[in-house]
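Coming up is one lone chain in structure tokens, specifically the form predicted alone.
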Amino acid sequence: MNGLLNKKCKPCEGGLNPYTSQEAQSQITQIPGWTLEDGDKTIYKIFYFKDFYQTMAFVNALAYIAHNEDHHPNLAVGYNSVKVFYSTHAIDGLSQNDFICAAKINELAT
């Protein structure tokens, strides 16, 4: 089981250094299907569904996870797809919280 699934996000109000490119590239291997972008400051993944109803059910379940972790993604929602973006805005880059949430969303999608 992915060790990230057992972790809980920690509040981040800044004051931490974002992951370096090397740290981000190391962490991305734990969350299959996710991609680094924006100079390794953001991760994203596109999830595909049969129809709009399944898409919105996924978005609602994802919102529940984001609320419980108090770490929220940016979303691009279409008829049968959702592109999920994570970055820790308070530090203008990636933190462990982004990878924890990505792992939990991967689990949700399985």
Ligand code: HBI
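Since this is a predicted model, take the numbers as computed values, not measurements. Throughout, we count residues from 1 along the sequence that is shown.
What comes next is about the form predicted in complex with this ligand, which does not appear here.
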- Message: When the contact criterion is heavy atoms within 4.5 Å, does D70 count as touching this ligand in the predicted bound form?
- Response: yes
- Task: Look up in the predicted bound form whether P11 has a non-hydrogen atom within 4.5 angstroms of this ligand, and give yes or no.
- Result: yes
- Which residues in 77 to 110 have a heavy atom within 4.5 Å of this ligand in the predicted bound form? S87, T88, H89, A90
